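Before any questions on binding or motion, here is one chain by itself as structure tokens, the form predicted alone.
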């Protein structure tokens, strides 16, 4: 118990330093941009006096150190500023769209894990057969296919040509669909949510699925050649028990590590997929803000994604230590 507490304290302190670095880097990005935030806020026909007044009001004329301290203080208090384009709090807007991105990211993660791990085990246990060749070919295609191209092809083939699934949008969220099922006994909300979720999930999760497949296959193959497996078979233990009780557990450490790291990647990498499917998430919000040079909104999105990476890494380290006692909590 004491080691676990020390682990969380140590990782939390490291995480705070990393988050501080992210906030600092994000703050400095605005000064690299040639655009003047005051001119973005001011009307097109605004005079120079009005632009300067806006700069003073926003504190843009203050020394950079004062601006940095003010921004850092606000972020620590949960204040990410106001959007230049909508004049609304950045935090509120991000909270509004974040559930859509999390739904998509976790759906892609579940899809990848459910497909990749069984496929990796089957491929490893049938090494050198046609099943292994087909699985490896599928993996190669998944790794080599850009998600934006796959997203467009899925829309053209499944939605436009076959008319099986919606092309874009998210008319209802998972939470609302569950409430409709519980309080109204109406399953229509969940079916609508699922129909709009399938194509973006496949487009976002295919690369991840192929990556996890390779890790699982290689890990299982490595474990199958070790002496403890031969000893277990010599004792007459059934193959399913050996595979799922020992081999799979010992080969899951890199899979869990990559899964945790890629979860943050799925959130950050959903930008293009959300744009193709008009998914109202944080990725689409970032692209819209980028087109409008809305720096407070872009900074807020980047900070949230960075914090997500840090928290996920801490959680993954702890899970790895539980799966493999040789991994120390340090």
Partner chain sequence: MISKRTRTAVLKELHSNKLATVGTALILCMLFVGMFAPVLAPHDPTQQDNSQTHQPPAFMGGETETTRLVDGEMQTVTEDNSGSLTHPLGTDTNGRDVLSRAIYGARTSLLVALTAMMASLILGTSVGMTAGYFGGKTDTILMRFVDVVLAFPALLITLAMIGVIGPLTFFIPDPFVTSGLITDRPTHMVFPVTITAAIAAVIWVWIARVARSEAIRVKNEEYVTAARTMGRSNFGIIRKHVLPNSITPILVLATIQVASIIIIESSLSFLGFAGTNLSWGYDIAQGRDYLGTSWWLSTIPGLFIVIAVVGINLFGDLLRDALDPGIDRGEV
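Keep in mind the model is a prediction, meaning the values are calculated, not measured. Numbering follows the first chain given and starts at 1.
Not pictured, yet referred to below: the form predicted in complex with the partner chain.
Peer 1: So which of 46, 290, 53, 66 reaches within 4.5 angstroms of the partner chain in the predicted bound form, heavy atom to heavy atom?
Peer 2: None of the others qualify; the residue that does is 290.
Peer 1: Tell me, which of 165, 181, 107, 211 has a heavy atom within 4.5 angstroms of the partner chain in the predicted bound form?
Peer 2: Checking each option against the partner chain in the predicted bound form, the one that comes within 4.5 Å is 211.
Peer 1: May I ask you to state whether residue 174 is within 4.5 Å of the partner chain in the predicted bound form, using heavy atom distances?
Peer 2: Heavy-atom contact with the partner chain at 4.5 Å: absent for residue 174.
Peer 1: Is residue 271 part of the interface with the partner chain in the predicted bound form - any heavy atom within 4.5 Å?
Peer 2: The answer is yes: residue 271 has a heavy atom within 4.5 Å of the partner chain.
Peer 1: Give a yes or no for residue 70: in the predicted bound form, does one of its heavy atoms lie within 4.5 Å of a heavy atom belonging to the partner chain?
Peer 2: Judged by the heavy-atom cut-off of 4.5 Å, residue 70 is well away from the partner chain in the predicted bound form.
Peer 1: Hey, in the predicted bound form, is residue 145 touching the partner chain, heavy atoms inside 4.5 Å?
Peer 2: Yes, contact at 4.5 Å.
Peer 1: For the interface check, one of 86-94, 182-190, 195-203, 154-162 should have non-hydrogen atoms within 4.5 Å of the partner chain in the predicted bound form; which one?
Peer 2: Looking at the other structure, the answer is 154-162.
Peer 1: Which residues, if any, of 84-122 lie within 4.5 Å of the partner chain in the predicted bound form when only heavy atoms count?
Peer 2: Heavy-atom contacts within 4.5 Å come from no residue here.
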